[in-house]
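One chain comes next, on its own, written as structure tokens: the form predicted on its own.
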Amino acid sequence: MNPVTFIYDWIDRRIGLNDLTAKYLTGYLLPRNINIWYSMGSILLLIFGVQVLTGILLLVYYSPSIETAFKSITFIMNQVPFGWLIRTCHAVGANMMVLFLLIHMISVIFMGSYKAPREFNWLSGFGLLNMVFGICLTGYLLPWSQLSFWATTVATSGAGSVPFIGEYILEFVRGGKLVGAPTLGRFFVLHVIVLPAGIAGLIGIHLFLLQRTGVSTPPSYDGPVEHWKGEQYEYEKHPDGIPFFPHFLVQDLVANCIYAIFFFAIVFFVPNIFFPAEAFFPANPFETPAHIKPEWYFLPNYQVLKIFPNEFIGLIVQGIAMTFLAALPFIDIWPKRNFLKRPLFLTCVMLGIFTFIGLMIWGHFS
């Protein structure tokens, strides 16, 4: 018996490796017509892992104070070996996390995978979306550049428009009336401790729910999930499906490799796409840039606030939109999932996507 077989058998007799392999790898069956959109989740796990790793490496040299934050970022970019690569990967990765999370949620909407009995799956994913927005917003301030300072000032100012309690909310968020050292301290703690822990916890809940409900069948398959009556708990099995290992694992690896090519193409060839000119100057509270805008994923929110004469009305509109999105599984209770057979649903979804993109473009050029 060779050493590898001996070690494997020794471990198997103690923790049952063969049982685990059969349960979660070779014996874990997925729908036979599963498609590339189901790999978005594994790509997001890869992105989150890279963000955690690069974030830890940045923390070795980053100094969270208004006197040293920008200097420490400059030191990382110019003097730390491969510091520029780590920081660029972290900045680009934040944008990729938002982009692929939006793609993942849109694909779930089109495939109807949010429908009963997967309401909790959708709600946990919606919570992850909001936490990712939060971690991107808090991380945006940490370089303490002109861009981060004034973008945070603009992003947080909307809270002050809430009647009666707006000033208190704004002061609580900023730690003072203006963006300053308390804001940086609060955002730092949220960015490196609170939100990563929350995201990791929600990912665990999301994966647990996926295991309990089973992987949803693509809507082109007219299976029993289309007619789930909610009479009792039922795990969606796929007795004629393909095993996770090696079939779908190979597809996941291919999707992750394609993403890595796309990611590193941005990092090495167009890294400044996410670094406007204002990102290379230290924060100056006494010099307001001419045209300061938030990141692309906050541009629709930014533009909505500008459309309405009162910012509070804009916040209400956004709140209604987000509430509708969160409650989608409870609103769309029609059992059919194939969007090609639901013209009204398809029209509403496409209008929502085009509205989001249109507001983004409008916010960029306005």
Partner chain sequence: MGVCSGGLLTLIGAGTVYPIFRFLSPLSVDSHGAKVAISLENLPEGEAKFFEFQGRAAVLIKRKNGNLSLLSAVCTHLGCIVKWEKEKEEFLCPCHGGRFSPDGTVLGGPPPKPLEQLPFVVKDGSVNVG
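Numbering follows the first chain given and starts at 1. Everything numeric here is computed off the predicted structure, so don't read it as measured data.
What comes next is about the form predicted together with the partner chain, which is not displayed.
Participant: Based on heavy atom distances of at most 4.5 Å to the partner chain in the predicted complex, which listed stretch, 56-64, 35-43, 324-332, 308-316, is the contact stretch?
Facilitator: Of the stretches listed, the one contacting the partner is 56-64.
Participant: How about residue 75 - does it come within 4.5 Å of the partner chain in the predicted complex, if we only consider non-hydrogen atoms?
Facilitator: Residue 75: yes, in contact with the partner chain in the predicted complex.
Participant: Looking at the partner-bound form in the predicted complex, is residue 239 within 4.5 Å of the partner chain by any heavy atom?
Facilitator: Taking the distances in the predicted complex, the answer for residue 239 is no, it never comes within 4.5 Å of the partner chain.
Participant: Taking heavy atoms only, is residue 81 within 4.5 angstroms of the partner chain in the predicted complex?
Facilitator: Residue 81: yes, in contact with the partner chain in the predicted complex.
Participant: Is residue 85 one of the residues lying within 4.5 Å of the partner chain in the predicted complex, judged by heavy atom distances?
Facilitator: Yes.
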